[in-house]
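First comes one chain, alone, set out as structure tokens in the form predicted alone.
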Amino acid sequence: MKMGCGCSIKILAGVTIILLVLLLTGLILGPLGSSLLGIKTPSFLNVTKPHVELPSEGIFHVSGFSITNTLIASWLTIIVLIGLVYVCTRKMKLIPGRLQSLAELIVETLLNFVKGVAGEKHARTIFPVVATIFLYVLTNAYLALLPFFGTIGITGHDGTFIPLFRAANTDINLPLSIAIISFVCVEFWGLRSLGFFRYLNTFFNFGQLRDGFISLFKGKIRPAISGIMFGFINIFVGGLEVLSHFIRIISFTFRLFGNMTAGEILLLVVTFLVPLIASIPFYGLELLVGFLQAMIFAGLTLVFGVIALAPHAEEPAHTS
């Protein structure tokens, strides 16, 4: 036991020393250290200077439609997800194997998360959309950390390098499309659950305005003025509520796009300034950020869906 413990300590110490040597080598001889110390960067540490291009680059065209590197990456995500689902569920058994157990664990965890917020009544309605958004955004983020993203590509007409794969979440069109789907689903759930007029009443409460005009016709001036004034205020507040629903599309889009793009730029800059292993901790950070962004996007869709299905504003009953 003591020999095994001593051997493990030696291995750990050796690995630590190697990592420190690699870190110091990249720090001193890399572009950052070379510029500060006035020495030339060795050829084996030369890293291509990062070129940040916010719009996605076109790889080829089909009938005038540009196939971009982010679109190809999003297709890869779909293929990976479908492939994983097929592999995990192709041989379903009463006593599940490892892959089936993994798939059931993921689905059950997401379903329990949805049930904890939406309750048993609405969970089955909201779950497919929330789970799809979470898995899609998460897989997009994690695939973008693979080595062939940003390194395999073609040469453009002007001689610039165009990567074949680029993180799909860094193309603003993809977060925008998911945000629109989230918005449409939330509004559809509310309309289907409550009906058009009742769902509209969750935004605009015309009760006080109606009572104000009724009081005006009855000659009750003070209640009429109060009812009409507060009725128009309710309509104005309802307009703001409608506007806030559309603003969700913008906030969803730029939250995901901004965080994912910033993470990609951070990795490119760190890898360029300090080559070798300095970027490894930032890859761990991006794993966390990818998970959080997927959870936030799916979680907000879940919360807004619950609010749409169980509105907070109900018109009070009138007593005679």
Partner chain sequence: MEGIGINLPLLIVFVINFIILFGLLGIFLYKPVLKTLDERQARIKESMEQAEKIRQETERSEEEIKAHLEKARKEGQAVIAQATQIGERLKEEAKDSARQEAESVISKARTEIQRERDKAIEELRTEFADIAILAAEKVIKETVDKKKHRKLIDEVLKESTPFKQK
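Residue numbers count along the first chain shown, from 1. Computed from a predicted model, the values in this text were never measured in an experiment.
The form predicted together with the partner chain exists for this protein as well; it is not shown, and the discussion that follows is about that form.
- Remark: of stretches 147-155, 198-206, 225-233, 106-114, the one touching the partner chain in the model of the complex is 106-114 (heavy atom within 4.5 Å).
- For the options Ser193, Ser244, Thr132, Thr160, the one in contact with the partner chain in the model of the complex, meaning a heavy atom within 4.5 Å, is Thr132.
- A single residue from the set Phe165, Phe183, Tyr142, Tyr136 has any heavy atom within 4.5 angstroms of the partner chain in the model of the complex; that residue is Tyr136.
- Taken together, Leu267, Glu286 and Gln293 are entirely out of contact with the partner chain in the model of the complex: none brings a heavy atom within 4.5 Å.
- In the model of the complex, no heavy atom of Ala118 sits within 4.5 Å of the partner chain.
- Heavy atoms of Phe217 never reach within 4.5 Å of the partner chain in the model of the complex, leaving it off the interface.
- The shortest heavy atom separation between Leu240 and the partner chain in the model of the complex exceeds 4.5 Å.
- Taking the partner from elsewhere, Lys93 is found to have a heavy atom lying within 4.5 Å of the partner chain in the model of the complex.
- Contacts to the partner chain in the model of the complex (heavy atom within 4.5 Å) from stretch 168-192: Asp171, Ile172, Asn173, Leu174, Leu176, Ser177, Ile178, Ile180, Ile181.
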